[in-house]
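Consider the single chain below, provided in C-alpha cells and representing the form predicted on its own.
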Amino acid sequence: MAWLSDFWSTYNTLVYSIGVHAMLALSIQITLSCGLLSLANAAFMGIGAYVSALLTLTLGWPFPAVLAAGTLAPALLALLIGAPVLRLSGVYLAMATLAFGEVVRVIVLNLEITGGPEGLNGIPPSTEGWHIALFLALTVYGLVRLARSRVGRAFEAIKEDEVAARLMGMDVDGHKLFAFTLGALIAGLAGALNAHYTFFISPREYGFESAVDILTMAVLGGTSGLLGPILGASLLTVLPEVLRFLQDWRMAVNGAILILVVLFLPTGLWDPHRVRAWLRRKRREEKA
C-alpha cells in the first residue's frame, strides 16, 4: 500500500479541494433551483473562512465552535440583505450580488484584523479528510430530502413560473430567502473547512474569479440534479492539475468551457431527464 500513501501525500490537498468545491457548487445549485442567479457565494465562503480563522487565531476557539460560527455568520448576513436584494431578478440580481461580493472583498482588504491584502497566515490545520467527506455527505443527504419535500417542489414551481406560483398562494419571497440563506450557509461551511486545511487565506481567493468559478462548476455539471454540480466541481478542480501548462490562461479556459457547455449541452454534462430518456430508448430498442 506504499503507492496509496505516496498518492495521498502528493494529492491530499487536491482531494480536499474537490470536496470543498463540490459543496460550493451545491450551494449555488440551491439558488439556481429556485430561479435565482446569485453570484454572492464566493463572498459568503470568504466570510465563513475569515470568521472561523479569526476566532481560531485571536480567541483560540475550538474547531467545532469556529466551524459553527463560520457557517452561521454568512447565513445571518444573507438573511439581512436577502429581503432588499431578492426583489431583483435575472441579470440585475447577478449584478447586485456580485457588487455585494466586491464590497466584502474591499472591506477585508482594508481591515487590519484581517491582515489586509496580505491575508491571514498560520491557521491551524484542523480540517481532516473525514470532516469534508462527512459534511459533503450530510449536505447531499439534506438537499435530497429537501428536493423531495414540499419546499423543493415549491422551488421548482417558482423557477418555472414565479407569477403562477404566486397565484397558487405560494410564499415566493419566503422561499427565495430560504434558498438564498441555505446557499450562504453551505458556502460558509465550505469556507471554514477550506481555511483550516490551506493554512492561509487572502481576499484574492473570494473575488470575482471565484464567483465565476463556482457558477461554472454548477453549469458545467448540470443544475437539474445534485450529481451534476459535484461532477462539474470535480472536473474543474482536477483540470488545472492536468493542464498546468495553461495555468496563466485558467480564466480563459473556464470561460471557453462555459460557452461550449451552454452551446452544446445547455443542461450540463449530467441531466437526469436526458439519462432517463436514453434508458427508455435503449429499452425500446432491446424489446424491438
Partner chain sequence: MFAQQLANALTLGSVYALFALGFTLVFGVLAVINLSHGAVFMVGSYAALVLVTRFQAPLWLALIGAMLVSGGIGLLVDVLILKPLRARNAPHLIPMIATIGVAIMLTSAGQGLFGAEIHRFPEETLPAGELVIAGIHLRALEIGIVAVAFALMALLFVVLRRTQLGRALRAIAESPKAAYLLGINVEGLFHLTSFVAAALGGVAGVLIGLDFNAITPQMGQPILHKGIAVIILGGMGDIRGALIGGLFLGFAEVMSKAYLSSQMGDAVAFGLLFLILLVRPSGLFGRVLERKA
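Just so it is clear, the model here is predicted, and its values are computed rather than measured. Positions refer to the first chain, counted from 1. Between two forms, the rigid core is the largest collection of C-alphas that superpose within 1.5 Å.
Just so it is clear, the following notes concern the form predicted in complex with the partner chain, a form of the same protein that is not shown.
Complete contact of P272, L279 and E285 with the partner chain in the model of the complex (any heavy atom, 4.5 Å): No, the candidate spot makes no contact with the partner chain.
Candidate stretches 192-200, 206-214, 69-77, 121-129 - the one whose heavy atoms come within 4.5 Å of the partner chain in the model of the complex: Answer to the contact question: 206-214.
Exercise: L182 in contact with the partner chain in the model of the complex, heavy atom 4.5 Å: The answer is no: L182 has no heavy atom within 4.5 Å of the partner chain.
Contact test in the model of the complex: W61 vs the partner chain, heavy atoms, 4.5 Å: W61: no, not in contact with the partner chain in the model of the complex.
Interface membership of L263, the partner chain in the model of the complex, 4.5 Å heavy atom rule: Yes, L263 is a contact residue.
Contact of A256 with the partner chain in the model of the complex (heavy atom, 4.5 Å): Because a heavy atom of A256 falls inside 4.5 Å of the partner chain in the model of the complex, the answer is yes.
Residue among I47, A233, V219, L226 with a heavy atom within 4.5 Å of the partner chain in the model of the complex: If I apply the 4.5 Å criterion carefully, the residue I get is V219.
Within 107-126, the residues that have a heavy atom no more than 4.5 Å from the partner chain in the model of the complex: Stretch hits, in order: L109, N110.
A65: Cα shift of 2 Å or greater between this form and the one not shown (core-aligned): Moves: no, less than 2 Å.
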